[in-house]
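The chain below stands alone and is given as structure tokens, in the form predicted alone.
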Amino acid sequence: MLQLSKSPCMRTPATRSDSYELCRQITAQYAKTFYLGTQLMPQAKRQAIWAIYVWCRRTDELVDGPMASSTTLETLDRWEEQLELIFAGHPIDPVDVALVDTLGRFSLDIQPFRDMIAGQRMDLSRNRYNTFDDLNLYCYRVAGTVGLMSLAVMGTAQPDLSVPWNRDQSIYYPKEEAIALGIANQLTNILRDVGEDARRGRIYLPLDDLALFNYTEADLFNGIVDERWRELMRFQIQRARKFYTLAEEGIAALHPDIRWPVWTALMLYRQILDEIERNEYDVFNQRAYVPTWKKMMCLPVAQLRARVL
């Protein structure tokens, strides 16, 4: 259970190693596909990614977790104050120790963290999005921000200055591509979880898109799967895949030791879209997931792409 502190004093002391181990356990339990990708990273980077993931998960749980009904805008204001304490080097909870240590090792900006909290504020105030522009802002705040946080840990490729023609070459920082991967993942989550969200009275698919295919909110709440729905889902999946394609273009600019896990994570998550298609777009009665054997088959392909692309 997530509880917010009104005091800057840490509730339960934790060592750095214990904190990272706790973050690892939480990541492994709640994000199995994501965790697989982190296992391919160098130790310092994967530990940092675990710490970031746990903070993001705790932030999301404020509006989607078991205590969400008690979350208010004031709750999120206190959570942001706690974030500022963490960035000032004052952990409150045991898992915060790992994030404080990560902040000391990598140059993370606080703004993406604040933007993510702003995304949770959106979830408190609305359960519909009229246009994709509206949804895109939400996706940036709750997921594109994760791309920016992760990019600071992953690092970028450095030009070989021993080669004369590289000496004037600037370092490319794939910020837009990192954001695109986060948005692609969130769009995938939205498509996979349409039925679950509907049972909570939420519709994340843009209402303009529903109207474009003559599909109503009532149809969605009733779980109607017909040709209108299938065409709507094909349209949504095509949009998500465009974001994955944009994200691919930035992987070569990342540090070499991180390209394989990023390719792996991208390919594994994109395969959820394939599973939705395989289930004939019935996301009301079947949860799309990638079987373990398919995940394992991704690894050598992702490694090859990391080397040659």
Ligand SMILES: CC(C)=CCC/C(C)=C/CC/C(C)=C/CC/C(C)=C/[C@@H]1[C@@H](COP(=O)(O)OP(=O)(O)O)[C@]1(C)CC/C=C(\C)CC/C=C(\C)CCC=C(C)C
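We number the residues from 1 along the sequence you see. All of these numbers come straight from a predicted model, not from anything done at the bench.
Separately, the form predicted together with the named molecule exists; it is not shown, and the next lines address it.
- Stretch 177 to 185 is the contacting one of 230 to 238, 74 to 82, 100 to 108, 177 to 185, since its residues have non-hydrogen atoms within 4.5 Å of the named molecule in the model of the complex.
- None of the heavy atoms of residue 281 is located within 4.5 Å of the named molecule in the model of the complex.
- Using a 4.5 angstroms limit between non-hydrogen atoms, residue 193 touches the named molecule in the model of the complex.
- Among heavy atoms of residue 56, some come within 4.5 Å of the named molecule in the model of the complex.
- Taking the partner from elsewhere, residue 136 is found to have every heavy atom lying beyond 4.5 Å of the named molecule in the model of the complex.
- Taking the partner from elsewhere, no residue among 124, 198 and 203 has a non-hydrogen atom within 4.5 angstroms of the named molecule in the model of the complex.
- Contacts of stretch 253 to 273 with the named molecule in the model of the complex, defined by any heavy atom lying within 4.5 Å, are made by 254, 262, 265, 269, listed in sequence order.
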